[in-house]
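First, one chain by itself: the form predicted on its own, in structure tokens.
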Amino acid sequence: MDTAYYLNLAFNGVVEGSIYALGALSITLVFGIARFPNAATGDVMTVGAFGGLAGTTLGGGVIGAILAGVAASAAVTVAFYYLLFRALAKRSAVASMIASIGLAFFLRAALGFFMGHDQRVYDLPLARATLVGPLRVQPADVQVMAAAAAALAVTFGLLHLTPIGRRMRAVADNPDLARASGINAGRVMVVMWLMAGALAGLAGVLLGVKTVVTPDMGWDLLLPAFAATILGTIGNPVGAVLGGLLIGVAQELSTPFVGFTYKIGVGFAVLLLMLMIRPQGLFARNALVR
């Protein structure tokens, strides 16, 4: 195993980490504003992946897959905000977290019932890898990183450069003061769930571009996304992104030692170590969607 081999693993880790970063950012938005860890994030990603599958089936290509997947997952999250989480907003975070676990099982079962458990792939044209120095770069890798980077740029732009973003950060900092200042918390919640669902759906679509789509794929995404969220500090959007990239690289670099099947255990190990050694995360100074 030479240097080029590990460089390619690290590059693949960055590609995979950009997907984890989207999921971690979705978790961070919900935790920072709604104040509970959303365990349904992985299965919302699966909804996005199946939505993207429908987009490619209709001949929309990657762009069609992204639009369909993002729309499907955003619609699901907003619908369940109105049906479920809005009613639980005044209860403890534990109640909302347990409800999100139930929602995850419901989405997984519904997808399995209606879509079946067969492995599916996106109907996209095959393309050869391009050599960039020692790296073998697939066109799909470039598309995944470009889409993730664009989504992250739009999200941070909305959070920091728009009135609704400033309202979201105000609600995250102090919900009572934000309401006293005349901020419509209900509207903020709807926008937040739209953004969280869209980010999760895009993560699902991008993973679908890289691998197979099944109703159970969300579980494989949830653990690394939560590990990235905790690694980067819960409630810190920038930390969530960096945590996702670090988890992705760490998992890929571990494959020569633990194998492809067990690399997800690296994310779990990072999660446990962070909870024991530094539970506040690496970027604890700036938390709660700032």
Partner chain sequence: MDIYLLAVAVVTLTYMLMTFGLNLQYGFTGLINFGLVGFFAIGAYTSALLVMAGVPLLLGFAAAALLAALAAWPVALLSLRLRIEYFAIVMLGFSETIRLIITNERWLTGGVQGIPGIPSAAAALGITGVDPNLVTLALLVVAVGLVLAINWRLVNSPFGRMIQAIRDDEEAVRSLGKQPGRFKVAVFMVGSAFAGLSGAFYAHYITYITPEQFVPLLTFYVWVAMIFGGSGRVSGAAIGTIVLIGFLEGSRFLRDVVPGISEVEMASLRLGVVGVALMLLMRFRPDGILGARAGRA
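Predicted, not measured: the structure shown is a model, and the values here were computed from it. Positions refer to the first chain, counted from 1.
There is also a form predicted together with its partner chain; it is not shown, and the following applies to it.
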- Residue within 4.5 Å of its partner chain in the predicted complex by heavy atom, from 129, 94, 161, 142, is 94
- Query: Which residue among 102, 186, 182, 125 has a heavy atom within 4.5 angstroms of its partner chain in the predicted complex?
  - Reply: 102
- Message: Taking its partner chain in the predicted complex, would 37, 109 and 268 all count as contacting it (heavy atom within 4.5 Å)?
- Response: yes
- What stretch, of 68-76, 146-154, 192-200, 81-89, brings heavy atoms to within 4.5 Å of its partner chain in the predicted complex? 81-89
- Task: Check whether residue 62 has any heavy atom within 4.5 Å of a heavy atom of its partner chain in the predicted complex, and answer yes or no.
- Result: no
- Non-hydrogen atom contact residue 98 with its partner chain in the predicted complex at 4.5 angstroms: yes
- Message: Under a 4.5 Å heavy atom criterion, is residue 242 part of the interface with its partner chain in the predicted complex?
- Response: no
- Would residue 54 sit within 4.5 Å of its partner chain in the predicted complex, counting heavy atoms only? no
